[in-house]
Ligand code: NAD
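Presented as structure tokens, the chain that follows is alone, the form predicted alone.
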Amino acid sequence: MKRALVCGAGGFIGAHLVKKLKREGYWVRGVDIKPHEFAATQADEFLLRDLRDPENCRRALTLPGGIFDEVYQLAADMGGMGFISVAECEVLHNNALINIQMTHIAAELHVPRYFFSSSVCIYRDMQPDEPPVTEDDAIPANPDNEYGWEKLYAERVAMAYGRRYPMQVRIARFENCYGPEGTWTGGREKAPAALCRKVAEAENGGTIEVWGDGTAIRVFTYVDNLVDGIFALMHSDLGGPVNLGSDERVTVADLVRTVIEASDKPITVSYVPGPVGVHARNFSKARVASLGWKPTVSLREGIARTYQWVEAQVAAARASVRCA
């Protein structure tokens, strides 16, 4: 039985990755600064540890009687644009500590395979009609935010250790990921979950506010597709960063309409000033496609599933308030 460590197992993608690894027959240790908000972990062992502390990194990576076959580093201080646009110092400080220490200690302990979750935030702002960029086009660098700068640096750290130590490093640059059991309120939620919440909370015929003018272009990848891509990449010979996401490009206005259709409510949209991020992103998926990976869940289908889950959370929250 292979043994895997998932750092960030209390988070959205990390928790889904634990489920994937368990389906594949792994023994899994999860570690995070907090437990998962919405579901009990499926990890065989779950440690509450702050990975900014190097001793906690070492404890997480230490396995009695051997070493982990695979380490998945997804732990990060992050959220949607509403968070990363105001928490620059926290993002740079906390994530740099986690990534430098986890990579160093994993290599020191001779972990054979190490996965690092990067982000398409490492790329510059793009115009809607630009051709897709490849992984090599990240340099010269000009990320739109500090989260992207830190991710780019952490990629370099991981690749440097992969050259110096006998540790196979795999890096995926995630596009926007969404799905059930993700943060949907509180300020750290990303656009799909935030929009699902706003629509679920609105009355029939009501109005929701959306940041920007709706023209920004994005790609949204359903979480099950993303973790399948992580697993495929980890077990491949594909070194260097890999763009991981869907090819279904949509505007924010398209996303809003998809959420409203999933709700079956008559809703009016009011576009207001707010942190939007880049105008557009368009990335080549040729490298990940070479592994035989492709997304199987469309935005319409994925949003329908996500909306149903968020709607249930909103209803439960309202019921809790009434009971109180």
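Model, not experiment: these values are computed from the prediction. Throughout, we count residues from 1 along the sequence that is shown.
Below, we turn to the form predicted in complex with the ligand, even though it does not appear here.
Undergrad: Of 198, 170, 218, 190, which one comes within 4.5 Å of the ligand in the model of the complex, counting heavy atoms only?
TA: Result of the distance check: 190.
Undergrad: Check each of 174, 114, 222, 123 and return the one that places a heavy atom within 4.5 angstroms of the ligand in the model of the complex.
TA: Residue within 4.5 Å of the partner: 174.
Undergrad: Based on heavy atom distances of at most 4.5 Å to the ligand in the model of the complex, which listed stretch, 206 to 214, 247 to 255, 125 to 133, 144 to 152, is the contact stretch?
TA: Single hit among the candidates: 144 to 152.
Undergrad: Does any part of residue 302 reach within 4.5 Å of the ligand in the model of the complex? Heavy atoms only, please.
TA: Looking in the model of the complex, residue contacts with the ligand do not include residue 302, since no heavy atom lies within 4.5 Å.
Undergrad: Using a 4.5 angstroms cut-off on non-hydrogen atoms, would residue 227 count as touching the ligand in the model of the complex?
TA: Taking the distances in the model of the complex, the answer for residue 227 is no, it never comes within 4.5 Å of the ligand.
Undergrad: Quick check on residue 294: any heavy atom within 4.5 Å of the ligand in the model of the complex?
TA: Flag for residue 294 set to no.
Undergrad: Answer yes if any heavy atom of residue 234 is within 4.5 Å of a heavy atom of the ligand in the model of the complex; otherwise answer no.
TA: No.
Undergrad: Looking in the model of the complex, is the ligand within 4.5 Å of a heavy atom from each of 30, 59 and 105?
TA: No.
Undergrad: Can you tell me which residues in 89 to 119 come within 4.5 angstroms of the ligand in the model of the complex, by heavy atoms?
TA: Those in contact are 98, 117, 118, 119.
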